[in-house]
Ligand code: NAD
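Take a look at this one chain, the form predicted alone, written out in structure tokens.
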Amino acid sequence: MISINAALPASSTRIAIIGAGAVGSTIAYATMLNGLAHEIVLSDVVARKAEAEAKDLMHGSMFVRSVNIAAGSLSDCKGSAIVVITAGAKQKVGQTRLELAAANTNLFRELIPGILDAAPEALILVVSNPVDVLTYVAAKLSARPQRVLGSGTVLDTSRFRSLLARRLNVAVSNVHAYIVGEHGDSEVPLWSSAQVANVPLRSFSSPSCLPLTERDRREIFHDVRDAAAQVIAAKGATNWAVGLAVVRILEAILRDEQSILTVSSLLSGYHGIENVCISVPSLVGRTGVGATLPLPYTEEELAALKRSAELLRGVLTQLGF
């Protein structure tokens, strides 16, 4: 391992990030800014890339809390509290996340055993796409599903809330609404439980904003669902918002917040959904994913969530899981 700063005490928090591309390096940067870890290990199949990113981040260490930045291999994940996986084939223009499934599943067959050998007690946070499929693959290959979670629709939920806030002319912190299901084309907006400052969205209005129309809803959801494709078409990758979303999950874990986040995890008996990783509002803390939130669903929303789960189950079956 190439260490950039001096050694740290044994009590320090180490986070390992596998994949030092646009997403992995942005997660490292956001982690530094938030002061969540004393040590960050970057690993990439192109070692020189990880070394360069670590060095570049180190050059800004004067402006953040004390942190050790290192570039290393899978074996250098040893002692990590959390291993974040961003490695894998990138989504190309016009390509769906599910089309990445086979190639990235093969990669995970190599990665997961190496991570477990180095850091058997670490939580594994999957960010690589298709995140729900790969979260399931990681859970099964590790044989410890309770220690594996995916970034799921945390980013989609943020997109949803930010677009609603802009349309309604209110602060995004006052908007409470969720995207559930697949992090992809079959994701589901939960309009029925959406609120603005405890006021149901369906009846919310203000002097500067009329209630949402059905057309408004369609346009907002279209922009949420297709956001990644729009950004990828323009600049080749998404990285900033997903980096912030992942660090929000890391924060909830490391600070044992028991925050409600739409992470992807293995569901069993959730409204009849079994044996698939999918995103629903869940408590997230130091041990990973806890209880799921018993949100009320309309019949239409629940049917859409089950279709999303069936789609993912079909992909997993094709992959041999």
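Numbers follow the displayed sequence, beginning with 1. Owing to the predicted nature of the structure, the values given are computational and were not obtained by experimental measurement.
Quick note: we don't show the form predicted in complex with the ligand, though the next part is all about it.
Stretch 79-87 is the answer when you ask which of 214-222, 160-168, 79-87, 116-124 has residues with heavy atoms within 4.5 Å of the ligand in the predicted complex. The three residues L141, S264 and L319 each lack any heavy atom within 4.5 Å of the ligand in the predicted complex. Residue contact with the ligand in the predicted complex: A22 places a heavy atom within 4.5 Å of it. In the predicted complex, A237 approaches the ligand with a heavy atom inside 4.5 Å. Remark: Q91 counts among the residues lining the ligand in the predicted complex, judged by a heavy atom distance of 4.5 Å or less.
Taking the partner from the other structure, the ligand in the predicted complex has no heavy atom within 4.5 Å of any heavy atom of I112. Site annotation in the predicted complex: the residue of A71, V188, V137, L155 reaching within 4.5 Å of the ligand with a heavy atom is L155. Think of it this way: in the predicted complex, the ligand has a heavy atom of just one of V64, V45, L293, A52 within 4.5 Å, and the residue is V45. In the predicted complex, the ligand lies within 4.5 angstroms of a heavy atom of only one residue of 179-197, namely H183.
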